[in-house]
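Here we start with a single chain on its own, the form predicted on its own, put down as structure tokens.
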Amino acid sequence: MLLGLRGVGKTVLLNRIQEMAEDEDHLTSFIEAPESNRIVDLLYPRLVQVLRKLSTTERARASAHSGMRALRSFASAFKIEIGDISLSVDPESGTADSGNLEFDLSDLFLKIGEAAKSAGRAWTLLIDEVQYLSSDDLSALIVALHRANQKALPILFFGAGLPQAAALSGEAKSYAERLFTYPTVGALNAADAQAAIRGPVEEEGETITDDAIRNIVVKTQGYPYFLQEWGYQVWNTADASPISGDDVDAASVGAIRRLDEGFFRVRFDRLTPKERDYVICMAELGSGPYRSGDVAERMGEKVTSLGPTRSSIIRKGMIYSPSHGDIDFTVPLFADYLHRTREIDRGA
């Protein structure tokens, strides 16, 4: 379960893991969990695809057919809108049809794992934005993976999410901490950040000064998405090699404008006026993490009365709690954005 802030490359890593799995002849399913959809609706078309592929292998045909029947039962039990993705098989009574998601999803995963084992294949499931799964959905997913693991079936799982995904998993099922590992994905160290800028420039037969690279690393704090943005802007700003520190300063205007109008603004716009006041007060306190009590004091309210507001912002993926009583932004450099724009936004 890859954990990290926005823009650190978690999705890129999941995509690379998917490529590696496919290179090993795994069947793969990639899902991005939105805030509103049920996991059953997200999984159903992927499971149909996996079972159909497994059914083309002679030795797995019977078990894949059984899996399709179970999936048909599952779709009926959870009233899944199947649209054009239908299965022309009869449901398998008594399998994946209880209406209890933990039981039924486990049944399905076991069926798929058995079919994959019969075919000499493996199935790799990848889910991005895990923190948006509901508690019930995350619990059912963990139980299903746990059952498949107990049966030693060839099912692999890779997830990615904001830092709170680890706590959410533990709250859903206490044994999640034993089932998953939680590597942290963060900003690049100075050497790697410098290589990320220098490499693409030199591959194009151009050069960039050490001062320019250091300037970019300082401005981006090594966060991959920001390194990409500054690299893009600097490349388009510079007239000739070597790209200089002055080019970086000139390009920073465009980089910051694009981030403010896109990466930052789109997230800020999702907040209600009360939620905006909350995150602005966070930024006014300086650098995070911030004490919830300090934010409440600045807003002139009680911590308990602000609990629903804080919880709503967390659910929207804007802030998280790195430790009890503390909160911080999930978007790197977001406090800087609020400092640049808070008067305009408050006036609006």
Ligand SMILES: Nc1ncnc2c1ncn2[C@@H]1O[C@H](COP(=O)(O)OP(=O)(O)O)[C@@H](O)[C@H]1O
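Start at 1 with the first residue shown and count on from there. Just so it is clear, the structure is predicted and the values come from calculations on it, not from any experiment.
One more form of this protein, predicted in complex with this ligand, exists but is not displayed; see below.
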query: In the predicted bound form, Met20 touching this ligand (heavy atom, 4.5 Å); finding: no
query: Close approach of Gly113 to this ligand in the predicted bound form, 4.5 Å, heavy atom; finding: no
query: Close approach of Leu126 to this ligand in the predicted bound form, 4.5 Å, heavy atom; finding: no
query: Partner proximity in the predicted bound form: Leu271 to this ligand, non-hydrogen atom cutoff 4.5 Å; finding: no
query: Selected contact from Leu188, Ala166, Leu87, Leu153, since only one has a non-hydrogen atom within 4.5 angstroms of this ligand in the predicted bound form; finding: Leu188
query: One stretch from 101-109, 138-146, 217-225, 246-254 that, in the predicted bound form, holds residues within 4.5 Å of this ligand by heavy atom; finding: 217-225
query: Contact set, 1-33 vs this ligand in the predicted bound form - heavy atom within 4.5 angstroms; finding: Leu5, Arg6, Gly7, Val8, Gly9, Lys10, Thr11, Val12
